[in-house]
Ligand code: GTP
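A single chain, nothing else alongside it, follows as structure tokens in the form predicted alone.
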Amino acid sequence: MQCVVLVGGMGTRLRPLTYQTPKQMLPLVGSPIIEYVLGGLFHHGVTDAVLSLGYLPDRFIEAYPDNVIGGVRVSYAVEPEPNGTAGAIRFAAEYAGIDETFLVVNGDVLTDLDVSALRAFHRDRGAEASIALHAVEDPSHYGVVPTTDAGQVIDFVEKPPRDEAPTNLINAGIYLFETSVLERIDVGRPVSVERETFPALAAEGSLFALADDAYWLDTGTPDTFITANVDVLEGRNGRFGPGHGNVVAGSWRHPSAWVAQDATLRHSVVDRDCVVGAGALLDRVVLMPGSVVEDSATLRNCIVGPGAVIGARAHLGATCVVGAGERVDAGESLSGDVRVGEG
């Protein structure tokens, strides 16, 4: 099966970490998110994928010169200018010469969705397009998808107010398309698959959707990015990163990292060449490569970018994000969604 992977977004919700790195290339327990995404697809029969690139495309191309990610053969379709989610799908599919039913996934979503079950559902319904659905507590940040009992989509409501949402089943960012869908997408202007293509298909009765209770997580915010790392540490999505052998007491440290004997790690990730000083406490923290936490610093529910330094006795709380190469001074106290280095 062939697949289009959407990885062209700028990752604004994860700034400043994404100023120099696309969000799908951010490390998740030592390996880029995109490797988890494609590795999962490989286990469900995806053999070839085209990455729809727009923002910092060279970061992907340079990282995988052999054109293989997670066991999947990849090609790179770099849009000359952004043309929305639907425009990106059409551009990438045509670039790769896709000529049969194909899968589309958002490159920042972790899931163990049964792609084979979605494909069987799609064929059984004779659908032109099918959407995987996922139940959430608050659907107001997503596309909400009410359906008939047979799975035919009644409507596609993008980000409704929570008390007005017709269902808590949301668009999980995983689709099966017939190539005829591509002909519906205008060329030369931005087209949103969520706001234009799906509503048009629903109005014609050719859009279907299947709910699944699979593991699913959008990694695009600081809080969910931290959760993704913790879930991998705990094996919640069934897979570990390549360094899983170094998980100790629920935390992972790269072999090249140095952690003081009296430092305390809880559900945290300490990537390559990191240093954690004496008496430091890390609780649900992600340290990216080369970052330093000095003596007696306390960090909870936060992310420290590559090469950043957290000074001695500093306190960082939820959900601080420290950009690459930034420094938090000794004794400084930060919390409440503070972004150090965002500008």
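Numbers follow the displayed sequence, beginning with 1. Note that this is a predicted model, so its numbers are computed, not measured.
If you look for the form predicted together with the ligand, you will not find it shown, but the lines that follow are about it.
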| item | value |
| --- | --- |
| The ligand contact in the model of the complex: V7, any heavy atom under 4.5 Å | yes |
| In the model of the complex, P16 touching the ligand (heavy atom, 4.5 Å) | no |
| Contact of T85 with the ligand in the model of the complex (heavy atom, 4.5 Å) | yes |
| S291, heavy atom within 4.5 angstroms of the ligand in the model of the complex | no |
| All of K23, L53 and E79 within 4.5 Å of the ligand in the model of the complex, heavy atom check | yes |
| Segment assignment from 149 to 157, 85 to 93, 257 to 265, 180 to 188: heavy atom within 4.5 Å of the ligand in the model of the complex | 85 to 93 |
| Those residues of 100 to 117 which, in the model of the complex, come within 4.5 Å of the ligand by heavy atom | N106, G107, D108 |
